[in-house]
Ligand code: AMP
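Presented below, as structure tokens, is a lone chain in the form predicted alone.
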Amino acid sequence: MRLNPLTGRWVTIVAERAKRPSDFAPRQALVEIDDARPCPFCPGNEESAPPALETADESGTWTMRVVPNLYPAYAGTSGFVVHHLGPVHTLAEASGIHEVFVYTREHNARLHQLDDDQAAATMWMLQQRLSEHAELPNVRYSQAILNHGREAGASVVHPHAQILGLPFVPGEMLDEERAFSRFEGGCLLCTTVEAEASVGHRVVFADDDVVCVAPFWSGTPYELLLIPQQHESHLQRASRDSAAAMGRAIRDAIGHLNAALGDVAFNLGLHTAPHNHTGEYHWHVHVWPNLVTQAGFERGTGVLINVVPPEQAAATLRATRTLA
């Protein structure tokens, strides 16, 4: 068993049941519900989506767009007000903001196919959006996510991410805030970078800007953690160069996964400090390939079982360096 210091939860590594990359089935192709329906994110169909909140242009042609989600999970400007309906029933308005980030014009493009400038621009756009979120009085935390593949929750083929501004700080982030505050050796993730670099066998790739590791506490096969070398709590406050390097690192990490496993479904989550957070924190990116299904034990206990030790996963991904 290995302890995840970011969450305080145990995970179980079962090396005896370790699987080879070829043992994982490729993801199912996402079939569009209505082939005759125009893609709302493709050039020429801009009127299918609400007016853009932010646009990146090049010679009069948009390269990236951020638009409001037509079916938002969070919307409205009211504050976070809790209503008690009885001894066990509590609710609050889901105010906030829910955006769709269309990071490429190309309908069939993939994240690992972005060039250096495109990869950097995605992070700069996220910095702009999170900076704006931070100015909203009812948004306490912003979460940027990317779901690739039907198994990972994607419902539209065209590559896109989502940015959600929440009126509360979710439990996962509260756990991480507590983890950083109680760590006595300085910064938890700066120390992780030093520790992983010293042994090397869980490092997939690293440079002066970003370290990509299969974390010691991986709860799922081929889980990845990308950590910027520059210490900063909030993504929107990171230097432009550091943010750009992370964009390229995310692209390369997905490239390694594709080279080793094929076109796998995955979830990507960007963790940055809550907007009003002033304590210790180090922003970072998680990548969770969707290769296994949680069963009764995992759901009943919250304890994840990983059948691919992270040391094995990192070695497999490192071997694809010349192929990525």
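Note that residue numbering follows the sequence shown and begins at 1. For clarity, every value in this text was computed on a predicted model and none was experimentally measured.
Not pictured, yet referred to below: the form predicted together with adenosine monophosphate (AMP).
Per the 4.5 Å heavy atom criterion, adenosine monophosphate (AMP) in the model of the complex is contacted by stretch 160-168, the sole one of 160-168, 106-114, 205-213, 84-92. Residue V156 is the only one of A121, A179, V156, A238 with a heavy atom lying within 4.5 Å of adenosine monophosphate (AMP) in the model of the complex. When adenosine monophosphate (AMP) is considered in the model of the complex, only one residue from P43, P50, G262, G279 comes within 4.5 Å through any heavy atom, namely P50. Using a 4.5 angstroms limit between non-hydrogen atoms, N147 touches adenosine monophosphate (AMP) in the model of the complex. Contact annotation for N258: none of its heavy atoms lies within 4.5 Å of adenosine monophosphate (AMP) in the model of the complex. Using a 4.5 Å cutoff between non-hydrogen atoms, T63 does not count as a contact of adenosine monophosphate (AMP) in the model of the complex. A253 falls outside the set of residues with a heavy atom inside 4.5 Å of adenosine monophosphate (AMP) in the model of the complex. Contacts between 53-79 and adenosine monophosphate (AMP), taken as any heavy atom within 4.5 Å in the model of the complex, involve V67, P68, N69, L70, Y71.
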